[in-house]
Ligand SMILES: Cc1cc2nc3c(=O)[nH]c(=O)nc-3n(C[C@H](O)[C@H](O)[C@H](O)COP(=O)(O)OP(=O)(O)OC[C@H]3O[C@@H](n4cnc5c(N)ncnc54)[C@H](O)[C@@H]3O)c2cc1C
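Below you'll find only one chain, the form predicted on its own, shown as structure tokens.
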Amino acid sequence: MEVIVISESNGDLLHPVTAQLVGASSSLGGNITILCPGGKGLSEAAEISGVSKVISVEGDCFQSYDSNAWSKALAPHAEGDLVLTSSSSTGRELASSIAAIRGIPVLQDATNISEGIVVSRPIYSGKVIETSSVKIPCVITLRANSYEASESSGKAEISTVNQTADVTISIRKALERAGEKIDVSEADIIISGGRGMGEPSNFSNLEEVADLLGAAVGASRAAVDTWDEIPHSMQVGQTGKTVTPSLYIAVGISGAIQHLAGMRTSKYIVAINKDPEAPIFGVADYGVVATWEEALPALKNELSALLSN
């Protein structure tokens, strides 16, 4: 079972209820992923025991709270069998909105969740305990202090998806994050395009970026199969080339299993795709939700400025 926990924060720090939500999830088994709205409490979330992955969902919408904007940004990444939030006012709103977007049931103010998914919650001002059986997928809000918090001895994988409306800011942050992980003097870099590039002539935009980086240009199988102008020698994937560069930039590539098999061992992966639900974001260290027309000019400008310093 895939469990998605939506974290809660106090300012820039993680609220203790997040570790309690993980504690409740651990009792059910399965893989646990934490979504951190706005990236707040990211490092703390990654240290919670039992968590396999932490996703920082970043964007300008997280500068102030708006239930509609937040739920639209979070919902594409909350595709698990069970989505858990706290029963705070924010948590209840997000739970209802995400459940509505996904078209799945929501149950509020639980105090116990057991296998099956059997949920207990107080009703009638706490005079009666109601027990319900809920079919997955579903969204549940859990009251604070209903479970013991998981310990802080983990080291979960961290990835970032940026849905900022200003693509330039997203690209700049991706380059900053990549710079933290890669020694450019030793880097081998690949920038690959998929069918999302629209037509083969648009690969010239990838070549311009590659020239700035000293990188190679690759392609997905979908691009190679669609256009005769894109040769098989450029294909990255299970039936093409398996690569392990320091930096892999995927542009307009959805992330089919055979493509992921050929590049997922890259040290650092940046994905650019207009579809926030594209599977490529599942393996990316940093994702930018944008079209290539928006992202590549910003990427070239930022690289030119960076290399001229």
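The term rigid core refers to the maximal set of C-alpha atoms that superpose within 1.5 Å between the two forms. Note that residue numbering follows the sequence shown and begins at 1. Just so you know, these numbers come straight off a predicted model, no measurement behind them.
The same protein has a further form, the form predicted together with the ligand, not shown here; the description that follows concerns it.
Among residues of the shown chain, Gln235 is one whose heavy atoms approach the ligand to within 4.5 Å in the predicted complex. Remark: Thr265 does not count among the residues lining the ligand in the predicted complex, judged by a heavy atom distance of 4.5 Å or less. Taking the partner from elsewhere, Ile253 is found to have a heavy atom lying within 4.5 Å of the ligand in the predicted complex. Put simply, Gly59 is far from the ligand in the predicted complex: not one heavy atom of it is within 4.5 Å.
Checking Thr239, Thr131, Ser201, Ser89 for any heavy atom within 4.5 Å of the ligand in the predicted complex turns up a single hit: Thr239. Between the options Val270, Val283, Ala278, Ala46, the residue in contact with the ligand in the predicted complex by a heavy atom within 4.5 angstroms is Ala278. Here the chain stands by itself, but in the predicted complex one stretch of 111 to 119, 215 to 223, 154 to 162, 73 to 81, 215 to 223, has heavy atoms within 4.5 Å of the ligand. In the predicted complex, the ligand lies beyond 4.5 angstroms of every heavy atom of every residue of 137 to 174. In the core-superposed comparison between this form and the one not shown, Pro297 has its Cα shifted by at least 2 Å. Core-superposed comparison between this form and the one not shown: the Cα of Cys36 travels less than 2 Å. Core-superposed comparison between this form and the one not shown: the C-alpha position of Thr242 differs by no less than 2 Å.
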